[in-house]
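As structure tokens, one chain now follows by itself in the form predicted on its own.
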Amino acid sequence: MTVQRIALMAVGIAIVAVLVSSIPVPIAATGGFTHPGAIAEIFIALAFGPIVGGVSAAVGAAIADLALGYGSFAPLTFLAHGSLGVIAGLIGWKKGSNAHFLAWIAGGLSLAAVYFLGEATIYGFGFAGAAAELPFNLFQVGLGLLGLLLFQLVRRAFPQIDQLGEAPKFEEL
């Protein structure tokens, strides 16, 4: 683990936590909330890879849950958002636009699936209660499209962004 990667994770965690907690929209069916955090999570996963993306999304979103008084959701949030970051990073990091789109979809579906299964079983909302929150989770994931677009714009201006998430390489001159 490099200092650069640790720094990227720290900044990523902070950005995700701020975006998740900036506009919490309550969901009556489960007592949870939806938010624009997937914008940062998708951007970070595509820009810096699955490790930085997964840690930033998982820890940042869980910290926001704790800060906003949704502590009981923090473990499930950690898993759901972490899965989004890891899967999106694995599929889309250092790849082309088609892979980025697939990364956004696959990562988003993993988040929705983890929340659905966790709420239906562990949290005791049943399948009907978990299904009531599904549209809100999919809306949240849909906002990740803005993160995908932002990444493509930044990559166009700064093509080396893909290299920031990997170990530094030194060449002898």
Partner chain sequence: MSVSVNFYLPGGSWLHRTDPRVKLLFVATTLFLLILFQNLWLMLGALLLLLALHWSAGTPPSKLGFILKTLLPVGLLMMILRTIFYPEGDPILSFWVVEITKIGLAQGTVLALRILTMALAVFAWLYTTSQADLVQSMVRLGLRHEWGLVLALALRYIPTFQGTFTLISEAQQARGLNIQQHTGFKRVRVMMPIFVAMIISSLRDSGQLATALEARGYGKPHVTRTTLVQLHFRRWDYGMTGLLLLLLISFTYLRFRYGFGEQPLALF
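Here the rigid core means the biggest group of C-alpha atoms that line up within 1.5 Å when the two forms are laid on top of each other. Just so we're clear, the structure is a prediction, and the values are computed from it rather than from any experiment. Numbering follows the first chain given and starts at 1.
Just so it is clear, the following notes concern the form predicted in complex with the partner chain, a form of the same protein that is not shown.
Chemist: Identify whether the partner chain in the model of the complex is within 4.5 Å of every residue in the set A10, A14 and P36, based on non-hydrogen atoms.
Modeler: Verified in the model of the complex; spot residues all in contact, yes.
Chemist: Is L68 one of the residues lying within 4.5 Å of the partner chain in the model of the complex, judged by heavy atom distances?
Modeler: Within the cut-off, so yes.
Chemist: Taking heavy atoms and a 4.5 Å cut-off, does A112 contact the partner chain in the model of the complex?
Modeler: No, A112 sits far enough from the partner chain in the model of the complex that none of its heavy atoms falls within 4.5 Å.
Chemist: Can Q163 be called a contact residue for the partner chain in the model of the complex at 4.5 Å between heavy atoms?
Modeler: Result no; Q163 lies far from the partner chain in the model of the complex.
Chemist: Should V59 be classed as touching the partner chain in the model of the complex when contacts are defined as heavy atoms within 4.5 Å?
Modeler: Result yes; V59 sits at the interface with the partner chain in the model of the complex.
Chemist: Do any residues of 124-139 have a non-hydrogen atom within 4.5 angstroms of the partner chain in the model of the complex? If so, which ones, in sequence order?
Modeler: If the 4.5 Å heavy-atom criterion is applied to the partner chain in the model of the complex, 124-139 yields G124, F125, G126, F127, A128, G129, A132, E133, F139.
Chemist: Using the rigid core as the reference frame, would you say A10 shifts its C-alpha by 2 Å or more between the shown form and the other one?
Modeler: Comparing forms between the shown form and the other one, the A10 CA shifts below 2 Å.
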